[in-house]
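Just the one chain here, laid out as structure tokens, in the form predicted on its own.
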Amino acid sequence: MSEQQQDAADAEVETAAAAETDADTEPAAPDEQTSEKLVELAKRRGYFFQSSGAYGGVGGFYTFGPQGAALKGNVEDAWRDRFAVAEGNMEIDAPTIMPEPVFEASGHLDGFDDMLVECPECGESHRADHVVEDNTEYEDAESLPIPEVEEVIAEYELVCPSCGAGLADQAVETFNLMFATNIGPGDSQPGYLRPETAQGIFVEFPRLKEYARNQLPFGVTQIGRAYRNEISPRRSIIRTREFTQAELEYFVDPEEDEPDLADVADVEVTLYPATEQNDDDGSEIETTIGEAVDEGIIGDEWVAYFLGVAKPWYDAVGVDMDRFRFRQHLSGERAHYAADCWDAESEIDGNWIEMAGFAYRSDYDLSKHAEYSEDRFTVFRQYDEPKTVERATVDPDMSYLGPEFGGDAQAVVAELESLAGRDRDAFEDDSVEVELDGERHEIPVEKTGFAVEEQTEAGEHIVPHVVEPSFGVDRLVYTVLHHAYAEDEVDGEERTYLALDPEVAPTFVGVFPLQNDDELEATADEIVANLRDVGLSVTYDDSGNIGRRYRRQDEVGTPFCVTVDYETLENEETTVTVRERDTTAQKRLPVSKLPEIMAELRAGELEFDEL
């Protein structure tokens, strides 16, 4: 390269550095159009976009591009580190398709519904509660009964969001969200795509408890796909028909297990309890986990514990804590299994969206699966000392029951055993009554072999209760991107960048040779290899002037850029320019120490302004 060319290249670096030094690097406050801008950026830069675009796209299905898949993977890894590894919980990976009896037991076939209203003109189907929430002062229409939703639609003369036709006379109906399928050919077994990953954990409890050595409490985590046939998916990846969940099912003895709240008692939280939501003058409460438990705002200590764990984790992955809260479910919106539930919510363009639910599911799930299956969903609780107790037992005379009931004889035995366990007084008369397939039958007590015996027991079988933190990964990814979106000016030009936390940013460092020069490119290649050797995600870019390359990486959210210039080759100690994304500040660092320094920056062990 000639002396003139080298001077020009050096001038390019100096100009870019001077421009960025003078830059107004305070990000502008997000406006109401941030979501629109973000969706466009996501498509352009490979974060996410609607699937099957070549065929017109399908509502509710999105593909995560190269940047989005990396960001999503980093978020999942961060969740796994905190909720599985750090808490000492195990992880499984269950199938996404499960047989019909699983969902009969769980209650999803009967109670997993949304409210649907269909337009009489265009035929479009809409979620009735969303139509109400979008056009009235009602914030939680999902918790209202269907007749009341119909009344609100009529009172406000609400119209179809698609064509504007009136909906006042249209019936609001329930719509089950389950995706049905068949398992196997011919007279195949009916099955469903799972609507939550939780059921894959619950049905395997009899085996999982063995891995936990039958010792409570223990937790099982799972990160995977779930499917819900949404009536009207909307707002890009916030509400989709296929999405990723990260769930923890924590099994506890309700009488003996208590969480250690010491580690989370001082965690500051913004809470929006049901009492405040029901009060016309109600508002959010600023408090700590410890105070919220002491004052009864959070009723269950296990739920409180996981709220305390989740708050700093959300902060660490890049959720803006000024736009974050925990909201308690109102009684009408709680799931059928939940004794209490709190949502982690983030603010997006003035609206609050649910990112996670923290529910106390009691023994509902395990009891239901025990009832519908032939397996035992209990854990043996050892007594401190053996106890002598009276137990009612039956030893039926099968020479009587067999001819009398035929193939139903074993079912009668099961009913007698159950009755003896719960109501021994039923056997005091000459005959006892049992119900079989809706019919009542009288059986002579002498044929039941009923007896009350003293037994010495070392313990008892109990059905554990379940505490469930359930995270929506896609919504969290959207929140992280939305909260990271920023705009400023650099040398009179508007700059868009994503202020992503280094822990989750899809690319950690960009490496640029200043010019298309063999020596510069060789050095840049070596730096890329060395940085990848220490586990960093690196991109190489030699296209366009240095300012444009910075802008590309800013918009992708890359925290740092390394520029290899002619000073790198000339100085006795080989150095490069390292530029930080948010402030655009630049420092000269030795190449020999670059992998170590960048790894420390990635791990949060070093701050850029400390260099």
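No experiment lies behind these values; they were computed from the predicted model shown. From 1 onward, residues are counted along the sequence shown.
Another form exists, predicted in complex with glycyl-adenosine-5'-phosphate (GAP); not displayed. Remarks below refer to it.
Chemist: Tell me, which of Gly318, Pro506, Pro464, Gly472 has a heavy atom within 4.5 angstroms of glycyl-adenosine-5'-phosphate (GAP) in the model of the complex?
Modeler: Selected residue: Gly472.
Chemist: glycyl-adenosine-5'-phosphate (GAP) isn't shown here, but in the model of the complex which of Glu354, Glu121, Asp77, Asp395 has a heavy atom within 4.5 Å of it?
Modeler: Comparing distances to glycyl-adenosine-5'-phosphate (GAP) in the model of the complex, the residue within 4.5 Å is Glu354.
Chemist: What stretch, of 259-267, 193-201, 493-501, 93-101, brings heavy atoms to within 4.5 Å of glycyl-adenosine-5'-phosphate (GAP) in the model of the complex?
Modeler: Partner-contacting stretch among the options: 193-201.
Chemist: Hey, in the model of the complex, is Asp129 touching glycyl-adenosine-5'-phosphate (GAP), heavy atoms inside 4.5 Å?
Modeler: Close contact is absent here: in the model of the complex, Asp129 is far from glycyl-adenosine-5'-phosphate (GAP), nothing within 4.5 Å, heavy atoms only.
Chemist: Arg239 versus glycyl-adenosine-5'-phosphate (GAP), in the model of the complex: is there a non-hydrogen atom within 4.5 Å?
Modeler: Because a heavy atom of Arg239 falls inside 4.5 Å of glycyl-adenosine-5'-phosphate (GAP) in the model of the complex, the answer is yes.
Chemist: Taking heavy atoms only, is His482 within 4.5 angstroms of glycyl-adenosine-5'-phosphate (GAP) in the model of the complex?
Modeler: Contact with glycyl-adenosine-5'-phosphate (GAP), no.
Chemist: Hey, in the model of the complex, is Glu291 touching glycyl-adenosine-5'-phosphate (GAP), heavy atoms inside 4.5 Å?
Modeler: No, Glu291 is distant from the partner.
Chemist: Need the contact residues for 219-257: heavy atom within 4.5 Å of glycyl-adenosine-5'-phosphate (GAP) in the model of the complex, sequence order, or none if there are none.
Modeler: Contacting residues: Arg228, Glu230, Ile237, Ile238, Arg239, Thr240, Phe243, Gln245, Glu247.
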